[in-house]
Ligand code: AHN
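This document opens with one chain alone, in structure tokens, the form predicted on its own.
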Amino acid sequence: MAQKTRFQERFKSLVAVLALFSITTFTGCESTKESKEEPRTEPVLVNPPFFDADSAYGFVEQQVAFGPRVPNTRAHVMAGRWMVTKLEEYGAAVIEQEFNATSFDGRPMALKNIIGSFNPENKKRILLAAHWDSRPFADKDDERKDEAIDGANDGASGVGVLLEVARLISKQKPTIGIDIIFFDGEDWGNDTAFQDYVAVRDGWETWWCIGSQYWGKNPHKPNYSAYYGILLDMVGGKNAKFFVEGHSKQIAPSIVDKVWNTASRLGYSQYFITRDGGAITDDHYYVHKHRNIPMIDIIPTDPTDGTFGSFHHTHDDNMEIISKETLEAVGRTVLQVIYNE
């Protein structure tokens, strides 16, 4: 009985050891499996070059110094030459797309779209655009209605931001191709709140956005396309609010999200408002219509009445309303987007 008891005790001990070994081995395998799994990490963002708001402001100031950039004027010619020179200075391959049109009020317009291409060999391209002409009259003003406006915000601000972007690209190239287009003939439109209605003719679809209509049907390169586009219009006003423009939301919702989310991460939610601001027929509309490029419009609006600010198309659209803080918010956001493609 004593020997049998000792054997039973030894057997029980052996079973216990084996059970413990099995548990330890199983647990050890699980631990090994867990250790081999890589933790999930957020994608590393590329730091773009520093956007210099003082430099962008200087580019706006220089355009205004030429005078109103109304087609057929000396200021228009001089400003166009200066823009071409700056783009070439920053290493862009420049194409000057010259064409003629007649305004709604019967005046001939010698127009020129200016296209600067960076990394032209790269097939993945992003299009950045603004219009460079200014309104030939101050039809929303109470006085001097027939005189051209400075167009510091409406025209010059978008060009100023994109010239600073071009300057920075010359210092640090992104991995993608970038095309910057300065559209002409955007702002000589028929505002029927102030002028008699004139039926559209000569093959145009509207009296506004003449440059983008022309380029859309006659791109600077055959079959030109881009991954997406960003239009800057009136992006320098103090305390600007960029609501989500209607056509942008419809034709390029993912790009809207990309840009507005980027602005939020950078701390610019007070400028980029994630609320609908109404649809605006601007240059981006015709880029998408004729080239099928998803393009968004960064443009300040008041969704309550659809206006663009009290200074719009008045003589108050001058350097006094230009904010370096607004230029920086837009410029830094655009740079962060394009350098992280």
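Residue numbers here begin at 1 and follow the sequence given. In this text the structure is predicted, and so the values were computed from the model without any measurement.
The same protein also has a form predicted in complex with this ligand, omitted here; what follows describes it.
The candidate stretches are 260-268, 184-192, 93-101, 77-85, and the one lying within 4.5 Å of this ligand in the predicted bound form by heavy atoms is 184-192. Interface residue among Val46, Ile280, Ile273, Ala65 relative to this ligand in the predicted bound form, by the heavy atom within 4.5 Å criterion: Ile280. Interface residue among Trp208, Phe137, Phe118, Tyr214 relative to this ligand in the predicted bound form, by the heavy atom within 4.5 Å criterion: Trp208. Though the partner is left out of this view, Phe51 does not reach within 4.5 Å of this ligand in the predicted bound form, counting heavy atoms only. Although the partner is absent here, Lys289 is not a contact residue: none of its heavy atoms lies within 4.5 angstroms of this ligand in the predicted bound form. Taking the partner from elsewhere, Glu164 is found to have every heavy atom lying beyond 4.5 Å of this ligand in the predicted bound form. Using a 4.5 angstroms threshold between heavy atoms, Phe308 counts as touching this ligand in the predicted bound form. Applying a 4.5 Å heavy atom cutoff to this ligand in the predicted bound form picks out Asp154 as the lone residue from 151-171.
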